[in-house]
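Shown below, as structure tokens, is a lone chain in the form predicted on its own; questions about how it binds or moves come after it.
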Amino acid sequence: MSVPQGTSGSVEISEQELALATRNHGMPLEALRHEITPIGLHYLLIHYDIPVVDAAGWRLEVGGLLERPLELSLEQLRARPRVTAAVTMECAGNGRASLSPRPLSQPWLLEAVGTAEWTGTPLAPLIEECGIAAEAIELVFTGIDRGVEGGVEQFYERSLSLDDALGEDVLLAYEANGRPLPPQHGYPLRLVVPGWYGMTSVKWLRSITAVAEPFEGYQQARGYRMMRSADDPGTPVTRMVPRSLMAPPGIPDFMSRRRFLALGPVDLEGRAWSGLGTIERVDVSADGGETWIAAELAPQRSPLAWRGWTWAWEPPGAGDYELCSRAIDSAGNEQPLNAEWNLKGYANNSVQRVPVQVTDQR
């Protein structure tokens, strides 16, 4: 079989991928037991370098096709109306490493997710106060971080349509879990766009620019696209598709992470989320997806965050089992057993599989 450009037919991890993996980190799946992820366990993806920012001299420039452009200090932003929201954020490449052939990039398995309480000021009132010119159609969000990608030297920047950017839940965030943003999470200010994959929530924000044409920067037009081949223009990566993850039960083998359980009742638990609707059902299986049983859903802390679920499982005997869970949202989207392959490995929400060995030793 020929291997598409940008992929590897081997399970070996290249030195470049290893370098990415040492810079970025996922959330250990046992941390699913936390409704709010401790910020040090929240997944982290850094495209370029972490900027060192002097907040005293930093300013947010808000301009372009606006009637009253602004330049705001952190203190001025903190003086504006303040909102705190629990928001689940997932990397678009989560699950990439399990695809075959494997796309060459940050080799995420399933851990590129987290839920934090982000505090900041809503974006919409700020932009509306500036007065939006009639010809403006998008806002471009530019970060301080700079690098080279796809042969293009660039600041990291993304855009949103006015309708998406001015949604009531979009935040300019300066705190995470009640503390100032850590440097790696965008200090002093970042965008938080609930429901969208994490690449949308630009970190180390330096400017917001209203424009009259669709933004054609690398991260928008080339980087985050669902593509079947290198010459496929693809479609944009936008909102998170439904996913459920299980907190691995029992104890792990060090290398394989295979789980070991003593025979007897066990409460399985996990979290499910979707950017396309609210979670209405989670099904759980102990036989690799042959049969499914509805889990019990917990109350949802925030409509922008994941929803907890539990299932009381009693293995019928010692032996090997494959535990799975799948999410179904209010728009009727159901997590698939196997997701379709794409060149860059985005939005792979295939059902998680957790191999478990149950022993009769209590």
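Start at 1 with the first residue shown and count on from there. Note that the structure is a prediction, hence the values are computed from the model and not measured.
The same protein also exists as the form predicted together with a small molecule; that form is not shown, yet it is the one meant from here on.
Just one of Val241, Leu160, Met199, Ile279 has a heavy atom within 4.5 angstroms of the small molecule in the model of the complex, so which one? Spelling it out, the residue with a heavy atom inside the cut-off is Met199.
Among Glu111, Glu117, Glu269, Asp145, which has at least one heavy atom within 4.5 Å of the small molecule in the model of the complex? Checking each option against the small molecule in the model of the complex, the one that comes within 4.5 Å is Asp145.
Just checking whether Arg307 would be counted as a contact of the small molecule in the model of the complex - the rule being heavy atoms within 4.5 angstroms. Arg307 lies outside the contact set for the small molecule.
Heavy atoms within 4.5 Å of the small molecule in the model of the complex: does Val53 have any? Outside the cut-off, so no.
Using heavy atoms and a 4.5 Å limit, would one call His42 a contact residue for the small molecule in the model of the complex? His42: yes, in contact with the small molecule in the model of the complex.
Exercise: Tyr224 in contact with the small molecule in the model of the complex, heavy atom 4.5 Å: Tyr224: yes, in contact with the small molecule in the model of the complex.
Per-stretch contact check against the small molecule in the model of the complex, the hit in 247 to 255, 230 to 238, 83 to 91, 68 to 76 (non-hydrogen atom, 4.5 angstroms): Contact criterion met by 83 to 91 only.
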